[in-house]
Each structure stands twice: as structure tokens, then as C-alpha cells.
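Here we start with a single chain on its own, the form predicted alone, put down as C-alpha cells.
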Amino acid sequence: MGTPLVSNCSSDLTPGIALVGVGPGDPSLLTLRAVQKIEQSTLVAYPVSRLDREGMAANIASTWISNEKKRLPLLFPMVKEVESLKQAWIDASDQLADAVFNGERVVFLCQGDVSLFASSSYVLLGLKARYPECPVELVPGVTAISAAAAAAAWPLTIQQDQLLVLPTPDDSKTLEILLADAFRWKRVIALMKLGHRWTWVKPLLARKNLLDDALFAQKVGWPDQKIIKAIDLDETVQSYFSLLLIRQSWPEIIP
């Protein structure tokens, strides 16, 4: 039998780290396990883009973060400079491991799921590389993709459909190639981090007559969420927290 990729806490009440997915925005989408780990923790850590902000993951889980719990905001700057990012991930791993070695039961909150384009993935890799003896547990969460499809009563994949999840490409040629391959393989596409790219993505989809079966979602699970058909959205710049679901065909056997 092979060794596990990460070690699990031997007990929920012993020092260790739980990387906890808190879903896309709606607090009621936290799993029972996520709530349990937060309630059993002694220290709650969460990513922030600036140290004077609370952070979206902490906001989602705030109902279950009691006043007596210690808090540890960790800076994950919204920059592209590689060295700054790497140093932030190292600093976060160091602080989390130090807390565990000082006897804390730590949860690190992550918006969405802990393994899908997640800040917690950098924490996990940093801990495995620098502190392999530190107990780590992952608690999966609801993704914005599945939450958006559910909110719109939109079947994400059925029968032999494939699903491709990726950040929105930076150029139209790449997206055209992806769409052609997706049509060939009956592949549904989920484009993340749509943002400003929508200004050219919509015209491209319009030329290919794909807007009717495309679903746009923004800030899923938040009070101001927007989930509409892509054809009903104008071509202006959209929020970073936007995604697009594109279906080019349906299976032959459906009700």
C-alpha cells in the first residue's frame, strides 16, 4: 500500500492544520465537516489581499468563528510578480506551521474548493516541502462552477459529456481552438476569471452562435450574485469573480 500524499490529523483535537473550503459565497453551502473543523480550531487563518481587509473566505465563514478564537490573516497579494508571490506562500506556510508546533489547531479558510485554483494549494505545497512532519487535512468545498449550474438549473455534465475547467485564455485564437476541440469531444467548458476578457469573448461566441447555451455567473453565492444567459449580458468589463459555462451540444438521449 502506498503512503498518503498528506498526513491526516490523528485526532480532531490534536494540533494540526485543516485546509477548509468554504464554498463560493453562501454560508449555507459550507459542509458539516467544514463547520466542525472551524468550531474545533483554536486559530483561524485566512488569505487577504491587504492586511487591513478581512478577506472573503473569513467573511463567508464568520458565523462559525467565535470571538475567543485567534485570527491570523495571511497576505496573498494580487500581483503577477513571481518572487513576491513565492515569498508570500513561504511566509504563509512558515506562520501556519509555527502555530501548529506551538500547539494550535489551525484552520486555513479558502473560498470555493481547496484544490481548484485555490490559495490553499500553495499553502499545501509549501507545507509538504518545508514541514513534512506537520499534520495536514483537506476539507473540500462547493465550487462556484457547480453552485452556478445548480442555481440556474443547468445540467453541467450528463452521460458521456466531458468537462474542461480553465482560466479564460488571454487571446481569441486560443479560445477558438479550445471551442473546436470541445465540440469534437462533446466537452462542456467552464471559463474562470473571465473579467475584462468578456469584451472580446462575447463577440467571438456570438459569431459562433454559442450565446444561447452559455451561462454567465458572477459573485456566485453572494447577495449580489448575477447568473444569466450570456446572450443577455452586454460586452462591458466584468468582475474578476466571473465565470462562463459553454455547452455546444446536448446528448442525443434526453427527456
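Because the structure is predicted, anything quoted here is derived from the model rather than measured. The first residue of the shown sequence is 1; numbering continues from there.
As for the form predicted together with a small molecule, it is not shown, yet the points below apply to it.
Would you confirm whether the three residues P47, A58 and L96 all fall within 4.5 Å of the small molecule in the predicted bound form, going by non-hydrogen atoms?
Not one of the three qualifies.
Can you say which of 179-187, 155-163, 99-107, 117-125 gets within 4.5 Å of the small molecule in the predicted bound form, counting heavy atoms only?
The contacting stretch is 117-125.
With a cut-off of 4.5 Å between heavy atoms, is I246 one of the residues that contacts the small molecule in the predicted bound form?
The answer is no: I246 has no heavy atom within 4.5 Å of the small molecule.
Heavy atom to heavy atom, is A92 within 4.5 Å of the small molecule in the predicted bound form?
A92: no, not in contact with the small molecule in the predicted bound form.
Might Q218 be said to contact the small molecule in the predicted bound form, defining contact as any heavy atom within 4.5 Å?
Q218: yes, in contact with the small molecule in the predicted bound form.
Examine K193 and determine whether its closest non-hydrogen atom to the small molecule in the predicted bound form is within 4.5 angstroms.
Yes, K193 lies within 4.5 Å of the small molecule in the predicted bound form.
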